[in-house]
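What follows is a single chain, given as structure tokens, in the form predicted alone.
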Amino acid sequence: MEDDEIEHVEEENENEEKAEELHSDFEYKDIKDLPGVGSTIASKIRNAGYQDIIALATANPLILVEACGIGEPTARKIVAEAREASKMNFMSGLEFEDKRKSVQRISTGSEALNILLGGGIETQSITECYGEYGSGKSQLAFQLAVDVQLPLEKGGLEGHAIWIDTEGTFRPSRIEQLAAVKGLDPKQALQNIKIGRAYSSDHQVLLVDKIPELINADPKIKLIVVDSMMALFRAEYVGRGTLADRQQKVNVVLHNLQRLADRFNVAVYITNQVMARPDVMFGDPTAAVGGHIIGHVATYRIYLRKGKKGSRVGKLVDSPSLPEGEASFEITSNGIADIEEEKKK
């Protein structure tokens, strides 16, 4: 065997070992294995949407009481046992740095946009993309849903995707078109995406709660798309009197998505609508819907706007580790791509 072939085999083995280690971190454990939890209580807990021990470990005992109809002392004991079993303790900065090595990234299709985001859309994080209609939010979602299926060396994760559609904008034909460009089987690419059409904000919440079941059934899921996050909430909660209830509900959904990102090492990409701020006299009055709730929870915030000659400009508004900046790209029939003029420079 040639040296380069041996090196390739060793690299494949190393990648498989890392994948096994990563999978073991989020291994599915049966709830009824916890002390004091029998089949009856386990069934109530699952019916309430808590499918594994890690979900229980991050649960609020008082919510568990209400959802499962069990006593508060029992709920607190179950959550405490789940946290002990999940080893949810403090760790050193070095240990956390080592844990961060499992973070992966999905290519956006544009090298300029990838560089702006530190390599692409990150797992274990929520990336929010907001902008006016036609700015390219959903097109980027289509691209990610295809690119996540690519091999690692081509910017993918060899994974599958979940798509929650709240505006009826998912188009199978676009997925097939992008998949063919990338050399994937169009029908198989569609098969690898689980779509949930949400018709109300409560339905949207329910679909998010169902995601752990889908990932436990298909551990290859590496991307969750919510397009768009605020559309249904914005339509149903009208007037300042409903604002507090709306924001509380949105907050719960976002934190559930973040927990999913952490537990299963998946990337969460959400699109968001915008509004015009009448108090802004100079500069761009465009602001994302959802207020500070989304701003605080989203790890990365990208503002998309239309640029010159049909191009798009992505501005990184917020990131825990990257500087603010902008990247220009274009949307073509072949997907997200760098602008030809930029490539020639």
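Each residue number is its position in the shown sequence, starting from 1. For clarity, every value in this text was computed on a predicted model and none was experimentally measured.
This protein has a second form, the form predicted together with a small molecule, left out of what is shown; the following refers to that one.
Out of the listed residues Ser135, Thr166, Gln143, Thr127, Ser135 is the one that sits within 4.5 Å of the small molecule in the predicted bound form by at least one heavy atom. In summary, among the residues Gln273, Thr74, Ser86, Asn256, the only one with a non-hydrogen atom within 4.5 Å of the small molecule in the predicted bound form is Gln273. Though the partner is left out of this view, Gln139 does reach within 4.5 Å of the small molecule in the predicted bound form, counting heavy atoms only.
Residue contact with the small molecule in the predicted bound form: Ser321 places no heavy atom within 4.5 Å of it.
The closest non-hydrogen atom of Arg174 lies within 4.5 Å of the small molecule in the predicted bound form. Though the partner is left out of this view, Ile331 does reach within 4.5 Å of the small molecule in the predicted bound form, counting heavy atoms only.
Across the options 214 to 222, 166 to 174, 77 to 85, 195 to 203, residues that bring heavy atoms within 4.5 Å of the small molecule in the predicted bound form belong to 166 to 174.
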